[in-house]
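Have a look below at one chain only, the form predicted on its own, in structure tokens format.
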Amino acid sequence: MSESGSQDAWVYMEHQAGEFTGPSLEVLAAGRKVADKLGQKLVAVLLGTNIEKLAHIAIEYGADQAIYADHAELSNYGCLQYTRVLHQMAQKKRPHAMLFVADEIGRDLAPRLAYRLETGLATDNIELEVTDYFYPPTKTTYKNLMVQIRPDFATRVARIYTPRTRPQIATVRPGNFKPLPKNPMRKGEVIRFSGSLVDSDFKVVVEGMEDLPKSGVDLQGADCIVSLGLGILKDGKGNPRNPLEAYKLANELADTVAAKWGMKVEIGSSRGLIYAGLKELEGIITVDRQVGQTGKTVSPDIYFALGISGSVQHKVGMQRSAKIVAINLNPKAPIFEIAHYPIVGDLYEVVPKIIEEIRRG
């Protein structure tokens, strides 16, 4: 769609068993930031069955308006049905921006909708800004553009501009925004939208739903994370070390922090260590422990980076941690650029000293 007449920041809200998902509440907070900078409304968008109550709860979490489509055919997610209804909503209301969670549903739904609306899409964003943008080839200044910021696949962070079409559509990685506090006294407008579906929307029919086993690792819910990288394979003298030693050391540190400070602690890992295929860590350091661009984005109170060099892909996944303690042999390791407590040294010597100090404190 063209830029003309577009307004408001929309957030597609995912929900399960009558509650919003945590990542959706995070993206709603991101939408609040965009809407405030635009000086426009934040609109929560919901699809499903019997969801009017949820629409009101979206107002309590920070939305100014909630638009919901309530149909029996929308009880389970279907990419064609959901895309059609959202397309109809967007054509009628003409939003300035639309945000989705960068998860299985958002990564399926956002590009389908962008294609139908003939607009741009930037995926896996870690930050959003609103600013004016000058385009030199045409000497045109675009006002109030939502700038989408995401890591690229090298060593940089990319700023993406989609100035000529609306809505600007983006997916936002979980873990980069904190949900707004719920306020039951907050007021807003709730609107029911009547969309229409056609037979071709039902090429795929959901016969049943079954929950997959959940991982016991909760990186995003941890107060403290002790992460391991490929630097655990050698000590300060260059001697090879059994990575299982580092894992046991990390667990000792985690247990000490949990016992002393009452924190929930998890063991994390860099992508490089997970895909190194080390038999000593097989079944122990698994993909559900990965922190980074292709893993989990986390923001614990304390993040220990043990033997992690700190590529941009890893840093974007943990840079919002309140305190970062990094231990690495290389004084020029990129992780030190964001560490609050950079320690150049042998982790096999430093970590035991940290454990001792915590127990003594």
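Values in this document were obtained by computation on a predicted structure and should not be read as measured data. In this text, residue numbers run from 1 along the sequence as written.
There is another form of the same protein, the form predicted together with a small molecule; it is not shown, and what comes next is about it.
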Contact at G292, I308 and S311 by the small molecule in the predicted complex, all three, heavy atom at most 4.5 Å:
yes
At the 4.5 Å heavy atom threshold, is A9 in contact with the small molecule in the predicted complex?
no
Whether E14 contacts the small molecule in the predicted complex should be assessed with a 4.5 Å heavy atom distance threshold; does it?
no
Taking the shortest heavy atom distance, is L117 within 4.5 Å of the small molecule in the predicted complex?
no
Within 4.5 Å, heavy atoms only: does I51 come near the small molecule in the predicted complex?
no
I need to confirm a contact call. Of A29, L38, L329, V325, which residue comes within 4.5 Å of the small molecule in the predicted complex, counting heavy atoms only?
L329
In the predicted complex, which of the listed residues (G272, P179, G188, P243) lies with a heavy atom within 4.5 Å of the small molecule?
G272
Any idea which of 311 to 319, 38 to 46, 64 to 72, 51 to 59 reaches within 4.5 Å of the small molecule in the predicted complex, heavy atoms considered?
311 to 319
